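First, one chain by itself: the form predicted on its own, in structure tokens.
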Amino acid sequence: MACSPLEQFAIIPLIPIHIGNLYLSFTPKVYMEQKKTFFFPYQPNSSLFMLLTISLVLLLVSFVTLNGGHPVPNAWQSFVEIIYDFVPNLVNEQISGASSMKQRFFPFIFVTFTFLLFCNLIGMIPYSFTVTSHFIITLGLSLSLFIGITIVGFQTHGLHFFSLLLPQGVPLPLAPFLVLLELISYRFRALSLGIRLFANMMAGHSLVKILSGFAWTMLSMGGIMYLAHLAPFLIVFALTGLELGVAILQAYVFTILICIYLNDAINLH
């Protein structure tokens, strides 16, 4: 029986944890009955891969900055320096205001971009798992960040932060309707952030899975189909390169939108 392309996203908890109505289970594996092997009866995912991603980033940064780094950067140090130089430029371009204000939010933006980048890139490794292909994870991330941005807005402006919902020069009779529309639009920012990241990562991986299964089926049939399978295999290789670009691009898009929303909260633009 052919496996579903969505089977790669299934989660089975290893350690069930229930506290009242809260479900806090550690979910380190996906069980794949149709495709299990001696070496890979389970595929780790979700909670475990988020933990591995954070550990990998910390180990990489620690390794690169050990003893102050190298005068002549090696490949890993250059990679970390590129990311470290990229994020301040992004913050300076998207957030207006004093330099001290921008530096205040640099760690927040840097951690967000690095976490998403490594989660997406690790998902491209065979027998790994794409954490950002689950809507509950991307929504939880975007919602928590957006709540934090809203808190920053109230800390900075107090109740004047509500002026963000009413553009200047609006006629008084239209003000209630525009406030309602702006409020709905503001609340949907967090939802759109999570949906955009989840949909792009899940759709790309599902398409690669479908075409890979199609090519393998043609290869197994033999005969003329053995030669015909080269076409879908070439498409899979092309899509893999495209998915690599999408993994980087989606981390960038998510981060730049967070910067834009943070700038709106700080400067009420």
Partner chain sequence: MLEGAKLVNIGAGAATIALAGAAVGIGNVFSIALKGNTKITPIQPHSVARNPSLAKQLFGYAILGFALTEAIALFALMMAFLILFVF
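Residue numbers count along the first chain shown, from 1. Treat the numbers as computed from the prediction; the structure is a model and nothing was measured.
Keep in mind the form predicted in complex with the partner chain is missing from the figure; the text below concerns it.
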Stretch in contact in the predicted bound form with the partner chain, which is absent here, among 150 to 158, 136 to 144, 195 to 203, 112 to 120 (heavy atoms within 4.5 Å): 195 to 203
Partner contact for F188 in the predicted bound form: the partner chain, 4.5 angstroms, heavy atom: yes
Indicate whether the candidate residues L249, I256 and I260 are all in contact with the partner chain in the predicted bound form, with contact defined as any heavy atom within 4.5 Å. yes
